[in-house]
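Before any questions on binding or motion, here is one chain by itself as structure tokens, the form predicted on its own.
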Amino acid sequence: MEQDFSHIRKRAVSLLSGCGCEYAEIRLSSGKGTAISLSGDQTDTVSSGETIGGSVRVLSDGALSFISFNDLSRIEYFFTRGLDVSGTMRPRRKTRIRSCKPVRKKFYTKQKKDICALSLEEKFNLISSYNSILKSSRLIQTTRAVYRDLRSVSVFLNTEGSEIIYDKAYCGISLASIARDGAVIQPFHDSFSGYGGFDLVENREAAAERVAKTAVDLLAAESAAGGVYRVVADQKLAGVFIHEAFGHLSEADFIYENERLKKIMVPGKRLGPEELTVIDDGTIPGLAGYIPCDDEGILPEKTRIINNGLLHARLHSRETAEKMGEAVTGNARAVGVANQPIVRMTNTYIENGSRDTREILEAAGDGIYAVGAIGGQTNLELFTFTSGYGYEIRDGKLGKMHKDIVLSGNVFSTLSNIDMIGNDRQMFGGLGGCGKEGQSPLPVSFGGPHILIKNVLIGGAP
């Protein structure tokens, strides 16, 4: 696939070397993907297609233009158009970006089983086998099983001399069962994805069995009574909380545009207990949020957003780093070459603490153990999440199963109320991805260990 770009790449390098503007970049991408979707006994979608495209971003006299296209043979025309657009703009506030050292590297995804070497029939048979497991109980009304893969090559070039080639392979599945008993309907789902080969989605029979069983078990579960509880969040819920409720607040474009947040998100401010460390790290191979470089040609790093309870860093693009006088972090990302890079998370997680799960449950006394997350919303520092399911905790031991566990609160109060942090961090990433400013789904991962939080407001049955 890389050879398809060899001639275009030379033309792009020539355009960049003679443009005479403050800064310019060219991104190119070519890929082939498969999508299969099954619902119950029906086949909704079986498709395989190719995509190709590119974009140009030009900064000239403080004006930033962006042009996307899918006809690579006309790259000279589109680059000239980008120069013309930025040259005619007269912005009231000039854009500046951080200059960086050039990066000249090639990256590729290691695959045990190459997704391009497998037939469409093999992929269909795998997801069909999982779908059969999802509908194994008589109480399962319907199911949904989805398989997706993408093999692509992307090229990044800029006027600083960067030349980055990334041959990547992404693969994932989503599994859901919807159980019904009379008027009671209960869905449950799980999802897995990452950068790698077909082996990422093989041997997931146990996961499909767990999805079906959980959906059926939830039919008889009681809703949690409303009140204030000590809550033990499992690794997935801890990760969703830190990504959705806090992670987005640490994205510098959001901070820069919000005066209230500027006063709150000040480096050095205490946000949680000394044991709390929150990290965004795009360098972890295989995870859904892995990026060898961001979409501005910056190598990612392990960014400690919170370090020992203190706000330590914010996530940046070249533009926000220049505006706020801080270092770039490699967090400018786009869902594709047709989109402009904006500040986005990669793999965001709570770092391990020192406690094991048994200690945490015992310390919870009487409370709620909340598992996973099926949805929620945030509004600045306020959040509401619905846990996938959970259990009551009585005298430090798990009791009856609960559903409809809705957790609400202020993210900063909740961070300060973290009482214990476990030592069993896990990472999660599914096909859904993250959304921001109309760009979705962007592959990300999130996670953490078990954590104990005091004074959590739970909405539910009175």
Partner chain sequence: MEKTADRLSAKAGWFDIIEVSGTGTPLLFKNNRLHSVTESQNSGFGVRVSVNGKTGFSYTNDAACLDETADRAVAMSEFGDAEDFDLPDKTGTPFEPYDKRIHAYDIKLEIGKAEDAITAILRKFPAANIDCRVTGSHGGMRIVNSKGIDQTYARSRYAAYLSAMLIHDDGSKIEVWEGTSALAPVPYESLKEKIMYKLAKALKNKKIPSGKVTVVVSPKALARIIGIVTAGLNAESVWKGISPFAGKIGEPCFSADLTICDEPDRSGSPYSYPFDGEGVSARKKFLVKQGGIEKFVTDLKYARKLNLLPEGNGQRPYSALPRPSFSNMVIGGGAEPYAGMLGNIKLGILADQFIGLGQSNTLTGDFSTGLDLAYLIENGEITGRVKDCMLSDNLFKLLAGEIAVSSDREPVGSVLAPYILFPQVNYTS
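Only the largest set of C-alpha atoms that superpose within 1.5 Å between the two forms is called the rigid core. Numbering follows the first chain given and starts at 1. The model shown is predicted, which means the values in this text are computed figures rather than measured ones.
Beyond what is shown, the protein has a form predicted in complex with the partner chain; the following relates to that form.
- Residue contact check for Glu274: none of its heavy atoms lie within 4.5 Å of the partner chain in the model of the complex.
- Looking at Gly375, you'd find a heavy atom of it within 4.5 angstroms of the partner chain in the model of the complex.
- The shortest heavy atom separation between Ser65 and the partner chain in the model of the complex is within 4.5 Å.
- For the chain shown alone, Asn203 is not a contact residue for the partner chain in the model of the complex, no non-hydrogen atom being within 4.5 angstroms.
- The stretch among 79-87, 164-172, 105-113, 348-356 whose residues place heavy atoms within 4.5 Å of the partner chain in the model of the complex is 79-87.
- Looking at the partner chain in the model of the complex, residues Leu120, Thr384 and Gly459 each place a heavy atom within 4.5 Å of it.
- Lys94 is the sole member of Arg210, Arg270, Lys302, Lys94 with a non-hydrogen atom lying within 4.5 angstroms of the partner chain in the model of the complex.
- Checking Met427, Ile418, Met401, Ile52 against the partner chain in the model of the complex, a heavy atom within 4.5 Å turns up for just one residue: Ile52.
- Taking the partner chain as positioned in the model of the complex, the residues of 232-258 that bring a heavy atom within 4.5 Å of it are, in sequence order, Asp253, Tyr256, Glu257, Asn258.
- Relative to the superposed rigid core, the position of the CA of Gly375 differs between this form and the one not shown by 2 Å or more.
- The two forms, fitted on the rigid core, differ between this form and the one not shown by less than 2 Å at the CA of Lys302.
- Taking the rigid core as fixed, one finds a CA shift for Tyr170 smaller than 2 Å between this form and the one not shown.
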